[in-house]
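Heads up, the chain below is alone and in the form predicted alone; it's given as structure tokens.
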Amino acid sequence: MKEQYQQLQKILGERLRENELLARYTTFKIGGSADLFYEAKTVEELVAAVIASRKLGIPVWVLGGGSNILIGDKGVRGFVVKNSTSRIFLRGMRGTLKDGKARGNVYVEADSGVIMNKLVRFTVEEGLGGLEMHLGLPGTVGGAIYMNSKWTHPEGYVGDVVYQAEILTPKNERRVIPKTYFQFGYDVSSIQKTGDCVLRAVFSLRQGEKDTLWEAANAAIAYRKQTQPQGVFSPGCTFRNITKAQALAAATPGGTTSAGFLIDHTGLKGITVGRAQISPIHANFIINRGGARASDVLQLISRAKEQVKRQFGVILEEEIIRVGEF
């Protein structure tokens, strides 16, 4: 593999780094080093880096905003590409004129490396509705599409307003695909299985009053601050909420589907392993109190699963994605 690494170095030049610590690129601040690391600042650089590594037979993983992931203490073998693509622009609109004002959908295109919070602020400031409830969402456009990121107050999924996207397939083909390709569901998109890499996406948004949209956006982030731990290192929710069918079968208290509620009622809220802790604010969050290791987090995940299964008969599924060697 050393020979392939050297060839990749020749292709990508001095911006290719060795043994780069990945913890700093994640919201959890946990994780070992990547054998090779490269920051792609444009879509063309992203495509070139991924294709080059594939042709050389080097395992490649694209890192976005670093939320919703747990990187192993032993790091990631092969090549990590940090997606720092950043373009946002208005593609056009479709609609009619009414009372002297344009009414209809406006299409906004964003590179997959754009931070979602930046995109939300851009759209709200432009008076475009559809993403305002996601103010405060960590991560990037690509990651949000991959996970079909959601918010529940009010309910909304990123996939709801996706119109189309450009992807790089595992066969190194660049394709423009419609929303239906993603088969969006709860924490689900088809690319979790296909291995496609999102390069950019177009969102179909509605025109609205900027002040009203800012009110909704600020209300969503206020609720986020009231109910979730703030100012801490965390990847976001650890587990997916259970289905209504699971809640009914297990006869959970009040028919709740909340993973956080179930963990809380096992008495695990606030417990620690090493420097990792199940948040005392919201039991579905594990936080890094400074210097936590991935092994600490895995112990907390295991305890939460065991206790919830023992007490409620429910098997929790992880929402965070494990990456690398543990």
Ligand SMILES: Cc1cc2nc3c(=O)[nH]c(=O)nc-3n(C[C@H](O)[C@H](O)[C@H](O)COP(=O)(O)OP(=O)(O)OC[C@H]3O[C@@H](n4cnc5c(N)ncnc54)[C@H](O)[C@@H]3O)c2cc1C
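Residue numbers run from 1 along the displayed sequence. None of these values were measured; they are calculated from a predicted model.
As for the form predicted together with the named molecule, it is not shown, yet the points below apply to it.
J.: Answer yes if any heavy atom of Asp196 is within 4.5 Å of a heavy atom of the named molecule in the predicted bound form; otherwise answer no.
T.: Contact with the named molecule, yes.
J.: Find out whether any non-hydrogen atom of Phe285 is located within 4.5 angstroms of the named molecule in the predicted bound form, and reply yes or no.
T.: Phe285 belongs to the contact set for the named molecule.
J.: Going by a heavy atom distance of 4.5 Å, is Ile191 a contact of the named molecule in the predicted bound form?
T.: Yes, contact at 4.5 Å.
J.: May I ask you to check whether Thr257 falls inside a 4.5 Å heavy atom distance of the named molecule in the predicted bound form?
T.: Contact check for Thr257: no, nothing within 4.5 Å of the named molecule in the predicted bound form.
J.: Quick one: from Leu36, Val62, Ala276, Ile30, grab the residue that has a heavy atom within 4.5 Å of the named molecule in the predicted bound form.
T.: None of the other options qualify; the answer is Val62.
J.: Within 4.5 Å, heavy atoms only, which of Phe203, Phe239, Tyr146, Phe79 is in contact with the named molecule in the predicted bound form?
T.: By the 4.5 Å criterion, the partner-contacting residue is Tyr146.
J.: Quick one: find which of 261-269, 289-297, 276-284, 62-70 has residues within 4.5 Å of the named molecule in the predicted bound form by heavy atom distance.
T.: Looking at the partner contacts, the answer comes out as 62-70.
J.: Has each of Asn117, Gly129 and Gly208 got a heavy atom lying within 4.5 angstroms of the named molecule in the predicted bound form?
T.: No residue of the spot touches the named molecule in the predicted bound form.
J.: Hey, which residues along 126-155 are within 4.5 angstroms of the named molecule in the predicted bound form, non-hydrogen atoms only?
T.: Residues within 4.5 Å: Leu137, Pro138, Gly139, Thr140, Gly142, Gly143, Ala144, Tyr146, Met147, Ser149, Lys150, Trp151.
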